[in-house]
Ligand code: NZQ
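Read the single chain below, which is given as structure tokens and is the form predicted on its own.
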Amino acid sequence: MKNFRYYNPVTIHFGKGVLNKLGRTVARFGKKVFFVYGMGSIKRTGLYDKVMEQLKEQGLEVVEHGGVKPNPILSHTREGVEKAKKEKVDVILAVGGGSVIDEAKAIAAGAKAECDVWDFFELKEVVKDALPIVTVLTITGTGSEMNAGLVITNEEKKAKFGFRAEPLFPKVSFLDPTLTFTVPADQTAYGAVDAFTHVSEVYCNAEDIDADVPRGIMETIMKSIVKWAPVAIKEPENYEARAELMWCSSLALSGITWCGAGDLTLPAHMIEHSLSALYDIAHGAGLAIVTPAWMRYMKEKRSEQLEYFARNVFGKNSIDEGIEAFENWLRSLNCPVRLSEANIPEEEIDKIAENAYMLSVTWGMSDFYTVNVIKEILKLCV
């Protein structure tokens, strides 16, 4: 097992009815709340009213910032930063999925900074302070409710970049699986794929794959997602299925799976960020296309890890059978597994690869993941 540092300060309230603690919790961090949410689903489900009632009961002043897109964009984030600074808010409340939480984190950092918020994404500046963040999770997948990372798309540069900073760990996150009962089948599937690949990328790139505890944690999370995602899609109000997916999603990118794995990268995520930056497709859909292709390309370089993956996650005897089983599972969730299935032309592979290479450089992966290597992986997505 490789050396590691593990730190995760997020307080989690998990289960039915935990939202009744929301108002009191937010009030601990100040009197003026910056309420971040998405495109309106929380109003249709009645969650918006429940949240506002909790905040008003505590006498809190609320500044709203709705309209976060499924792939959050820089222009809307900058609007949020300006508004938060102008209103001198005390605490950020993010109610939604990973996109909402990611934009809330960017606003929390930008509101305390003199620089432009995009400077953090290009690693020109470091986040030294941020407003406190409280989250209410409504869509599982990104794990943003339990980590210090975030991703935003700069729509002018067509660049989808991310970074991590310890001041951006949420203070408290509320995870009530019943809030995900209304999530549509496609979003449920894409969230499951996102969570799965958060683990599979660590698993398949680990320097030390023989450490029992981290390997066992990762295998359990992946197998649970494989088991419960189809149930949640078929039975959207199955509490056990929603609860398993929610907790797996939170654990997947909480840092626990990285412990003992050594230095590693997230190449499928790096390549996918270009698909969603250029074509605005769902992140999980893009990962369903890229991840099996990456596995095929890396069969020899990651043979030991992929053999474990095939045998211990999907019960198969060879790498090829394991990748096929993985791809069949993705198809069973109605996810695209080829570029054409997401209406992305094969002729644009060069453009995608050049865009992805920008992130490869930023993430320190460009020694291996050159434009040509990325092109070869993308060709396996055809």
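Small disclaimer: the values here were computed from a predicted structure and weren't measured. All residue numbers refer to positions in the sequence shown, first residue = 1.
Beyond what is shown, the protein has a form predicted in complex with this ligand; the following relates to that form.
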Using 4.5 Å between non-hydrogen atoms, is Leu179 touching this ligand in the model of the complex? yes
Please determine whether Val68 contacts this ligand in the model of the complex, using a 4.5 Å cut-off between heavy atoms. yes
How about Pro167 - does it come within 4.5 Å of this ligand in the model of the complex, if we only consider non-hydrogen atoms? no
Can you work out whether Ser200 and this ligand are in contact in the model of the complex, taking contact to mean some heavy atom pair no more than 4.5 Å apart? no
Could you tell me which of 94-102, 124-132, 295-303, 211-219 sits within 4.5 Å of this ligand in the model of the complex, going by non-hydrogen atoms? 94-102
Each of Thr291, Leu330 and Ser332 within 4.5 Å of this ligand in the model of the complex, by any heavy atom, yes or no? no
Only one of Ala84, Leu275, Leu150, Ala252 has a non-hydrogen atom within 4.5 angstroms of this ligand in the model of the complex; which is it? Leu150
Please pick, from Ala106, Ala268, Ile139, Ala229, the one residue with any non-hydrogen atom lying within 4.5 angstroms of this ligand in the model of the complex. Ile139
Can you list, in sequence order, the residues from 14-42 that come within 4.5 Å of this ligand in the model of the complex, counting heavy atoms only? Gly38, Met39, Gly40, Ser41
